[in-house]
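Next up is one chain by itself, shown in structure tokens, the form predicted alone.
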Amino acid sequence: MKTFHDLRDKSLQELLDGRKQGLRVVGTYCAYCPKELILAAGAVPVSLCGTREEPIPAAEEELPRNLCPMIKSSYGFAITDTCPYFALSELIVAETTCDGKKKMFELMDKKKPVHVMQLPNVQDSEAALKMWAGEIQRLRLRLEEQLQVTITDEAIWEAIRLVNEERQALKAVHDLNQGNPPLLPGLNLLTASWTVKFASDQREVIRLANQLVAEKRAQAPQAKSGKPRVLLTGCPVGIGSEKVVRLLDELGADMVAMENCSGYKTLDIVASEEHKDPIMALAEKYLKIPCSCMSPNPHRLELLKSMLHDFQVDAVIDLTWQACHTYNIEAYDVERLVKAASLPFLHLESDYSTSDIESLKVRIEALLEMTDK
């Protein structure tokens, strides 16, 4: 795990050194970004989602205070020049996943070039697929123009195979927690999931993930854990916004899985190599992501149902960041699903501050008391 803890700093130094040799960096904000195109362009994709509270006051000078903390944190990092990855990025790839983000990107475009992909609102229609394929092709052209390169179909297929292998390796890391005892404590699971988004080399990610899985399986304890097994769903979580994960650990529970897009949501979705056109393969893949911005969004409930079984879940926490209306509304259906499985459910609405730590602690304690462990 120490390697994963150090991965972000190590990758940053590699990117800084690489920039001197002509390495190109492209910033991303969402799981919908087809990073295969960035890799096929010979560039490195890095995540820019803000997960810390510190830059939010600066963002609130231009953005509403009652906006999602992830949007404010991301924008605050950009305008205060305190995110080295934003500084290294030559182009920002953004998606219209919510009204707050797409309006924020209009402001960000004044700071650095931003390419906004217009995301369909539905998944299961030919029109949506055609539209999304067009948006991916438009990104291809923008990357070629911005980076002065030619992105060949062959290069895209090579990147598709690489990313498919990476997702398989990362899924195996998460699946370490399907057994009892879970082999990766919640904070370690979050660290591994979060730090790889900054990696300068996808093959290194695959190697580290495979090594971690092999080591954990070889060292697996025989005694079962008597702790409550909790699944975390809802909005994405990162280092800096992990207070619920820390509270679960402090209160003696095992966070065995994260369904959110910083966790398991995308890991089972790979691009099919049966297509003749790599753009269509990418369009099909990314349109399958079960995000709450899709309406309707039945695939999220299908994924949750399978995870409840596969990870032997005892309770579910649905975390919604302030002003994230789509996830807030979906909490109703998630609660119905969880209660139909006869499991305790807790919906939390919070922000990045620590002001509600004590109230969160009381509510999580009450949830854990409802389990039979």
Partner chain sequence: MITLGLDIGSVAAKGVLLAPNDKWQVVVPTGWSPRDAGQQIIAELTRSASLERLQIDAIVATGYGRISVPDANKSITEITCHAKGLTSLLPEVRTIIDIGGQDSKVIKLNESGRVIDFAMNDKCAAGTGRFLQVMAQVLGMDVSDLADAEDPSETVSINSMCTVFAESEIIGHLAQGMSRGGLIAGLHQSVAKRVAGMAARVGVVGPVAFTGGVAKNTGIRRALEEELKAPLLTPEECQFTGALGAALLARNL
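Residue numbers count along the first chain shown, from 1. A quick note: this is a predicted structure, and the numbers were derived from the prediction, not measured.
Same protein, other form: the form predicted in complex with the partner chain, not shown, and the subject of what follows.
Enquirer: Just give me the single entry in E335, E60, E53, D310 that has a non-hydrogen atom within 4.5 angstroms of the partner chain in the model of the complex.
Expert: Spelling it out, the residue with a heavy atom inside the cut-off is E335.
Enquirer: Counting any heavy atom within 4.5 Å as contact, can you tell me which stretch out of 26 to 34, 312 to 320, 61 to 69, 341 to 349 lines the partner chain in the model of the complex?
Expert: Going through the listed ranges, the match is 341 to 349.
Enquirer: If you check in the model of the complex, is D6 within 4.5 Å of the partner chain, heavy atoms only?
Expert: It does not: once the partner chain is placed as it appears in the model of the complex, D6 has no heavy atom within 4.5 Å of it.
Enquirer: With a cut-off of 4.5 Å between heavy atoms, is E14 one of the residues that contacts the partner chain in the model of the complex?
Expert: No - in the model of the complex, heavy atoms of E14 and the partner chain never come within 4.5 Å of each other.
Enquirer: I'd like to know if R19 sits close to the partner chain in the model of the complex, meaning any non-hydrogen atom pair within 4.5 angstroms.
Expert: Output for R19 is no: heavy atoms all beyond 4.5 Å of the partner chain.
Enquirer: In the model of the complex, does K10 come within 4.5 Å of the partner chain, counting heavy atoms only?
Expert: No, no contact at 4.5 Å.
Enquirer: Indicate whether the candidate residues D356, L367 and D372 are all in contact with the partner chain in the model of the complex, with contact defined as any heavy atom within 4.5 Å.
Expert: Every residue of the candidate spot has a heavy atom within 4.5 Å of the partner chain in the model of the complex.
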